[in-house]
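Next up: just one chain, as structure tokens, the form predicted on its own.
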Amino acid sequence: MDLNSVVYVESVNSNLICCVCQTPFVDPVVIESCGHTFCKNCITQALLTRSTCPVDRSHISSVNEFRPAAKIIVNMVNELLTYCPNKNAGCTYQGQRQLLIYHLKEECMFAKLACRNEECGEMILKKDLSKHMESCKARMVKCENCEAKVQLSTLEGHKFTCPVKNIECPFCHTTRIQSEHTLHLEECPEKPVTCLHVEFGCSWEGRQCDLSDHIVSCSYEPLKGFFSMYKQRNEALEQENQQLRTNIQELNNTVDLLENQVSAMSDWLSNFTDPKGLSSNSEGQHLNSSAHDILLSGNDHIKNEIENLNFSLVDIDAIMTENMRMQEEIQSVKNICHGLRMQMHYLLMEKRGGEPSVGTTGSVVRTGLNGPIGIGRTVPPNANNSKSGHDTSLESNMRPPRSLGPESPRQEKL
């Protein structure tokens, strides 16, 4: 507390007044060299500016020249009658100055005290402190459901989130504690839901417990794989479109920048004069209009190029589809050619005298790509023994046919 600011009941003797602060002494000290008395704090601050006595200007070397004032002077200033600093608030206290601090701390009901609740911090008159504590928004109260301590200001909000508060389900009208309510809402069998394929056109709506039965009979369920692929492709197209829009925006910004540069160049050329000092405004205007026309034509050309690129992308997509179809047809033709090569190889092997596969009826079955293609009779095992020597020589003179494997050019041609 600043005792220099208190108000005194009676006028104070001038001999008890400090000549620096013009108030009664507070903690008075005496300068030994000149004998003048001052408040200790006043003379200390004065010496920071000038090391002389404020009364007679005598030199003061240091604060070591100070000594406490006589006890009678200290008692006289401490026994001066003062008003309570809270007089304007309603306190009627009058007493000695030395008892003023005790009065403010223990007795004065008009002194302002901070609320005891840490998060409040409001300054309240001491006489109203107990009433304020009962209604303070920062005081701690106990929740009636979970018995947790919360601030009065947050109690209403806590009631909505209290984990043990009973809440009724709006769908099945069952009651459970709030901590289980959120999970129940996701699994409630009476909760109204839509079909999993609603985004693709299914309009079914019903209870969550009937959803599994609907999925079994839903006409969109067998197509979910196609829908998934279709959705992924749409997302890819959206990303591609976004990238194209970004590219177009960048091109438009570039065109605007070029327009500004050409405009600035045209303005500079319009102020250009010939070597004779004559103004060439007409030529500058002609150059300006020409540059503007060139810029407009360039801009139209860029727009046409962008449109052509968009059409080209569509054509490329169609060509790629057609290419995939042609590849499938080529693969089918290759399979047919491979079957024909196998049949030719079988015929050549039979002509050379090899033994083909024999069925149960003694017939040779030659198979092609799409099933049997011919039936022939087999030669009995003892038929070779009855052959004449002429047949043997004839067979030895036969030139074996060239192998038509996969590497043969002839087979590749076939």
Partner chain sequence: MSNALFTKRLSKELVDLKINPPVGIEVTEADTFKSWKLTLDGVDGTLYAGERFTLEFRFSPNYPMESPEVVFTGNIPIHPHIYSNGHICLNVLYNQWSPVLSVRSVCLSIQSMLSSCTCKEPPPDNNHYVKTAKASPKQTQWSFHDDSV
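Positions refer to the first chain, counted from 1. Here the structure is a predicted model, which is why all the values come from computation and not from measurement.
Quick note: we don't show the form predicted in complex with its partner chain, though the next part is all about it.
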Note to self: Within 4.5 Å, heavy atoms only, one stretch in 27 to 35, 65 to 73, 46 to 54, 341 to 349 touches its partner chain in the predicted complex. Which?
What the structure shows: 46 to 54
Note to self: Does any part of Leu16 reach within 4.5 Å of its partner chain in the predicted complex? Heavy atoms only, please.
What the structure shows: no
Notebook entry, point to check: Quick one: does Gln22 come within 4.5 Å of its partner chain in the predicted complex, counting heavy atoms only?
Noted result: yes
Check: Using heavy atoms and a 4.5 Å limit, would one call Asn41 a contact residue for its partner chain in the predicted complex?
Finding: yes
